[in-house]
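Shown next as structure tokens: one chain only, the form predicted alone.
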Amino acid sequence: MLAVLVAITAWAWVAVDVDLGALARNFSNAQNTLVQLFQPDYSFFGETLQPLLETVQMAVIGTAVGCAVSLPLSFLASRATNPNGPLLGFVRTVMNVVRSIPDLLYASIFVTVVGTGALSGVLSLFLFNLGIMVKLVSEALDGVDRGGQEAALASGATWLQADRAAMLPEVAPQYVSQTIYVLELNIRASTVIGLVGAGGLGMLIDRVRTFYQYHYLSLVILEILVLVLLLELLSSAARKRLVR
């Protein structure tokens, strides 16, 4: 097995023409860039506030709408909660297609359709979240103990009633935890999709990068790092409360 993995890695290495010598040949360029990156210009902070706020707003809206829509779809995509085979297969197929498209491609499409700005970013994050959440929550439903559901069905409840009364409370902690996780992903993703014009810090990053203003870019990267760390602390605290 190890030999196979080594062979596949070597084949991929050769196929993509990895040239480590290029690192040495371009070291001087990299050195100049790194010097600027380690010297953030804090006078640029005022210019970053609005894009930073827009990035957070995009992430929050995308998470809220995407996770809300994903909950009923997750029940339709789980074998444990949807007895209708054709509908189950249809929902799973659609969600697989949605999940297979990268968020950056969604952003490129929506920028073309609705123009540059936060709306394109929110729509991209919505679809990005939808695919992830339906996958995670439906798999959680598949692993839930179905005793309560079976008892509800035996007492005459419909599938919808049984799912709401027995399955939803079982999967609720996982659903909340995954929502927090998706919010973390959205903060990172919203900065990337902005590179193609979908609003937020990404558009600012693209502007300063185009003019090789790496001392400004360094400040933006630092702000993203602080934002992600703060969100990680908040999400860790929220998960601890869920476990209690």
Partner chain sequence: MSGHHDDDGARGAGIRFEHVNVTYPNGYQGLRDVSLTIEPGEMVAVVGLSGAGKSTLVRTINGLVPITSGEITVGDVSDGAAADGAAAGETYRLSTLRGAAQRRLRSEVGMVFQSFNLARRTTVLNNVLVGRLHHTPTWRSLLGAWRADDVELAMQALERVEIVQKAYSNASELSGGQQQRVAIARTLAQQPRVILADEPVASLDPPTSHVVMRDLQRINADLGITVVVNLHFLDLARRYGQRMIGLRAGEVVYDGPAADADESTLEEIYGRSLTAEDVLDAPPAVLE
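Numbering follows the first chain given and starts at 1. Remember, it's a predicted structure, so these values are computed and weren't measured experimentally.
One more form of this protein, predicted in complex with its partner chain, exists but is not displayed; see below.
Contact annotation: its partner chain lies within 4.5 Å of heavy atoms from the stretch 166-174 in the predicted bound form, the single such stretch among 166-174, 92-100, 69-77, 113-121.
Although the partner is absent here, Gly85 lies well away from its partner chain in the predicted bound form, with no heavy atom inside 4.5 Å. At a distance threshold of 4.5 angstroms between non-hydrogen atoms, Glu150 is in contact with its partner chain in the predicted bound form. Its partner chain is not shown here, and in the predicted bound form it never comes within 4.5 Å of any heavy atom of Leu105. The closest heavy atom approach of Ala157 to its partner chain in the predicted bound form falls within 4.5 Å. Applying a 4.5 Å heavy atom cutoff to its partner chain in the predicted bound form picks out no residue from 59-91.
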